[in-house]
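There is one chain below, alone, in structure tokens, taken in the form predicted on its own.
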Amino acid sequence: MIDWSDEQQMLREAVRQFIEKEIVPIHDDLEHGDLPPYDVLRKLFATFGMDVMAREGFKKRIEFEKAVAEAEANGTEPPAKAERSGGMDPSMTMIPIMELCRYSPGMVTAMGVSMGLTAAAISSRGTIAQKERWVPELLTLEKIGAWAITEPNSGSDAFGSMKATARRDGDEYVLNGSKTFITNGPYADTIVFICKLDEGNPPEERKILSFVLDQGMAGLEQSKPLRKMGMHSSPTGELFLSDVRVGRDRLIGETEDVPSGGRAGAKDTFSMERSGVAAMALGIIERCLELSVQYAKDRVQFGKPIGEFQLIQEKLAIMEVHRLNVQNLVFRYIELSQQGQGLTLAEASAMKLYSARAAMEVALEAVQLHGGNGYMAEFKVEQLARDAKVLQIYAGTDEIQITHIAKDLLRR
């Protein structure tokens, strides 16, 4: 893939028109944190049939899984993998992400955690019954999801410092603990809660388990949205669990014998999240470059447009280099996905590391190019610079991405 196809270009233009009509008029309310983004995201899904495609794709995947399970139970030949079809074209997801990030990257975070991380955590390790119970409404945004792993004292060391626990009590589990920096936390209908199984053994020896919780369960408290530097259109909050009782039906996979102690599922989810950051970065970079080019043409200093000065030209040229590089990473991801291939954790980490740094560099240079105006909210690059910073932090900091990449290289 070396360029967007005509069909993809048409989709981009259609999404841009939707954003101009539906999102730009309420942009300030979204970015001031006064308006949750979910209703307008649902309208986006309905407008482009993304909800219908998600449901149809899920239905076909479940039918395939049921056919495989039935074949295994009967000792017959399972259906060929080629029969597993109907998944959403990855560009159908990537293009709305990019276009939304030109204005409100936080909306993408809210959308991605719900239909991406939360749904994927259940889809990858859950039973067929659990998938049918929770996943379809997450994929269509009928229900809002949250993926809760981070705790007040556990950021990069998510597993080692985890204190949230599950304790057996007869046929049930009793969950306790708190989570923070949880995207969609204040409004989530469905929550994947990751914790350690407390059997009286040392914390470092405990299994990692994941449970699915519903809003309103006794003992579950969801905080109001937290104030933060950027991504204001993405509500972020805290979760507090005090003796929340759940049955085994809410334990993802309905078994404690999870491969790699539950860490593998979380790492798979991280890989997917890190891949999505590239599309977010591309949207931010494109918008910053677009605004900067126009400003360089319009802004006159010393009797001529500032775009005629070589230092300004260098800034624009470097922005374009970053745009091309990140776009190529997105193209590669789309091609691999179309072929049914995924990225390794190290590849996803490399993709996120470069894209996040590129977005931050471009956004800061856009502010610098705009001078004093760039520091003002009116010129929009100020917001994009604040929003871009979190790409270097969430889904694993830059420093954590470097360790994953280096460890993979040293193992070869």
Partner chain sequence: MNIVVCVKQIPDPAEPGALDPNTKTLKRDTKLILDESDAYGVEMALQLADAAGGGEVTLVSMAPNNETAGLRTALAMGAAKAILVSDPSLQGSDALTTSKVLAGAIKRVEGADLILTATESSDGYTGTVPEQVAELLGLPSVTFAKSIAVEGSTVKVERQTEAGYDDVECPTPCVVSVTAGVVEPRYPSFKGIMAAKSKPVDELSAADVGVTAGGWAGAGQEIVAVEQAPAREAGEVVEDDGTGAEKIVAFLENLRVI
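Bear in mind that the values here come from a model prediction, so they are computed numbers and not experimental data. Positions refer to the first chain, counted from 1.
There is another form of the same protein, the form predicted in complex with its partner chain; it is not shown, and what comes next is about it.
Q: Just give me the single entry in D39, E361, E65, E56 that has a non-hydrogen atom within 4.5 angstroms of its partner chain in the predicted bound form.
A: Of D39, E361, E65, E56, the residue with a heavy atom within 4.5 Å of its partner chain in the predicted bound form is E56.
Q: Which listed residue (L30, V367, L345, M50) meets the criterion of a heavy atom within 4.5 Å of its partner chain in the predicted bound form?
A: It is M50 that has a heavy atom within 4.5 Å of the partner.
Q: Picking from 249-257, 154-162, 92-100, 173-181, which part of the chain touches its partner chain in the predicted bound form when contact means heavy atoms within 4.5 Å?
A: Stretch 92-100 is the one.
Q: So, in the predicted bound form, is Q17 in contact with its partner chain at a 4.5 angstroms heavy atom limit?
A: Q17: yes, in contact with its partner chain in the predicted bound form.
Q: Evaluate I400 for contact with its partner chain in the predicted bound form, applying a 4.5 angstroms cut-off between non-hydrogen atoms, and reply yes or no.
A: Judged by the heavy-atom cut-off of 4.5 Å, I400 is well away from its partner chain in the predicted bound form.
Q: Considering only heavy atoms, tell me if E7 and its partner chain come within 4.5 Å of each other in the predicted bound form.
A: Yes.
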